[in-house]
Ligand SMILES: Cc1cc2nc3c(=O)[nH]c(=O)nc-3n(C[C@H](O)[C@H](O)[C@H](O)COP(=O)(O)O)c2cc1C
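The chain below stands alone and is given in structure tokens; this is the form predicted on its own.
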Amino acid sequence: MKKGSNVLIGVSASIAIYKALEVISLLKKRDISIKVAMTKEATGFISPVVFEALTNSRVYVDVLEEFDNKDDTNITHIALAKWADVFAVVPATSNIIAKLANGFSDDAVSLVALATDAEKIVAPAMNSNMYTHKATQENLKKLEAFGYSIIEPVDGNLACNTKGIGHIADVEDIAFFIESKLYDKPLSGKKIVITAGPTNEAVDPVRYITNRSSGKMGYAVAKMAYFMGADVTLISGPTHLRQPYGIKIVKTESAVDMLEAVKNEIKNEKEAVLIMAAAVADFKPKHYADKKIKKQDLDSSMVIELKENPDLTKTVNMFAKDNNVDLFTIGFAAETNDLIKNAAAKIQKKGLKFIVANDVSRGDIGFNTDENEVSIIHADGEIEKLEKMHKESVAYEILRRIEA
């Protein structure tokens, strides 16, 4: 899955330096090995001892100091350069950006940067005027030309008691992007559209019918598809989940909204993969009240007459055929009984390559959990039962079964 798990964080002298500690903490939770190189100026903000305690590894600061390495060289910056799969400068000041762009190597961070063949990332953090200055922008363009990825800063409160562009990107986005660089890209060039979450079917402007889907499975599939190099669009019903960094997301409410969003996303494609992970409501209210239904207008009970929603997967497959889109469609089946039988019946009906079936009657898997246990049922009748695992691992197993 991962092509490596070694990340070298370069730390330069910015008030946003504490964000580097947060990024490291997030990456360590993903079982990623971390080492740190700091400029001497950065040590004036936070002691290297703090980073050493967090990473359980010695911090490289002095370019004239060499310390023991397990690598085949005792030259510290070369050993670190060879060790790293990803080199990320967090935070990146205008000064360190200028050094990297112009080949300077007079501190620990710029020295390692010049020596490494690792994937390179910078996360700028500085005053707005400094960030928008032509010199900085030209330097960033140079870095991109050299193969660096830039995690753009955002609008926010700055250290100079002003607000504007230059605030370092969110730490979760930085960690997400760094992790994405650790994966091989077998899905590069593939367009993958993923639906996720529930749909809300309105009764009146206040009330709606929905289901218990949290969207976690669909979002996990989107994350892993992005990590594996695909061009990903996530079409999401209402959820409380964080929007994945770098992934196009289309937010929808009802089943009909989701259907139109999927059609719009694939209509101009020659081929695409569609993964229908959303828990789409089978029914919606037959009549919509344009004003809130008041209790005093009702008898002691309320009857909501329902009508069937369109079958999204079946309808999209027909749409793809009519528009000459070669669609590789994967379905999901959330069942409470007769799991294999009920799921398998949907394969031919919906035109699926395979379907992922899970038992949502169990409290430890399925809706609103971080783990899942599924069976993958193929169109030819083959059934693969996967053990209980994190939803991201399930997502990987699904994605690696897509035709190369």
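Numbers for residues come from their place in the sequence shown, where the first is 1. Since the model is a prediction, treat every value here as computed from it, not as a measurement.
Below: the form predicted in complex with this ligand, not depicted.
- Within 4.5 Å of this ligand in the model of the complex, a heavy atom is found for every one of 13, 96 and 125.
- Contact annotation: this ligand lies within 4.5 Å of heavy atoms from the stretch 35-43 in the model of the complex, the single such stretch among 372-380, 35-43, 335-343, 51-59.
- A heavy atom within 4.5 Å of this ligand in the model of the complex is found for one listed residue only; from 150, 115, 130, 247, this is 130.
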